[in-house]
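Provided below as structure tokens are two forms of one protein chain, presented individually as structure 1 and structure 2.
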Structure 1
């Protein structure tokens, strides 16, 4: 156990990527939703083991692109045919070919803005501090450590049960994370 203060979560250390994968399945099957797996390199299939669903970010970006293109197209149509109808170069008021570059640009801009802020929201960023940083052992996560962290804001979080679960799943070290 590290430090004093209220319990922010629990951290279990495992001896390799296979053990970490089995632990991810076990923690997921135990009903935990707010947990994370930490390893020094990506592990194929970990997202499935953790029960992660496909990100909705692609749908949000696609929808914002459609809204951007449609909005820019409608704005240009309204400006050139209703608000300021001028005949320029003998062309009709509604010459949609001239709207394409601006519509494309607005669509790309709105998609990029949605991707950036959507990624921040979905990843719960910015998060300046995480409870695992209270652990001295967690420094090994960037070198040769494999960890599962369960956050205390989990609705069914009980420190004793979580510790027992991590030990049953093969954790070589379990630590309660305490902080302010």
Structure 2
């Protein structure tokens, strides 16, 4: 049962990681763009099967590492030479060697925060509401189910055609996603 209301997409269930990967190749080759392959664990080689590029997250994290290290270093320089110069143990105000541990720590902290929240942002999370959740069967996707979902905002989306494609690719169950 997939609720009532307008059609939001279509969901096909497959019986294992191998079958899901073959289906991904098939859906991609049929020209679909707005589709996703759901599995309880990441499947290696799936990015290629779906024709996806590498995640840009590495660039974001690299940038924040530079900002973190640089920012912490600048703060330490500014605070100990300009804002609050103070002789401690006869060391020079600008004892840059001593700034390394904190610069490193702040760099790691900012990078880790960027890695996690950047990932959430790229994944559009949190999003508690999504068409796939209209399917009762979809609950298995986090347990032992393997699904392909195609969204209705796909150009020229035709439910009958999509259903036919999924069945041809070996889906063991196909249902339309309907909702508000």
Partner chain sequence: MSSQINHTVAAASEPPLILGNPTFGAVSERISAITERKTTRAWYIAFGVALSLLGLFVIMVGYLVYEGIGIWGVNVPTGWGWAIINFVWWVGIGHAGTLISAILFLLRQRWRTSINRFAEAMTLFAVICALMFPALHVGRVWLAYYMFPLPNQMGMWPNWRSPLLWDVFAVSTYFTVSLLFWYVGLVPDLATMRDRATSRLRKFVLGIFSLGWRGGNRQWRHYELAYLLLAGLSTPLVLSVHSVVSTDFCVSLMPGWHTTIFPPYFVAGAIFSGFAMVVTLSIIARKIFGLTDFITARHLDIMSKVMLVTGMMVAYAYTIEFFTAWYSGNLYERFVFLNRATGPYAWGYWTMIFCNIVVPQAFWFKRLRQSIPVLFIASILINVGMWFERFVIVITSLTQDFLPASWDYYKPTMFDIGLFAGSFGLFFTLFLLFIRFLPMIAMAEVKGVLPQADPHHHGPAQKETAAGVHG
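Positions refer to the first chain, counted from 1. In this text the structure is predicted, and so the values were computed from the model without any measurement. In this text, rigid core is short for the largest set of C-alphas that superpose within 1.5 Å between two forms.
Between structures 1 and 2, only structure 1 derives from the form predicted on its own. For residue 44, the Cα coordinates differ by under 2 angstroms between the two structures after the core has been superposed.
Once the cores line up, the CA of residue 155 ends up less than 2 angstroms apart between the two structures. The Cα shift for residue 126 between the two structures, taken after rigid core superposition, is 2 angstroms or larger. Once the two forms are overlaid on the core, residue 54 shows a Cα shift of 2.5 Å between the two structures.
Core-superposed comparison between the two structures: residue 89 shows a Cα shift of 20.4 Å.
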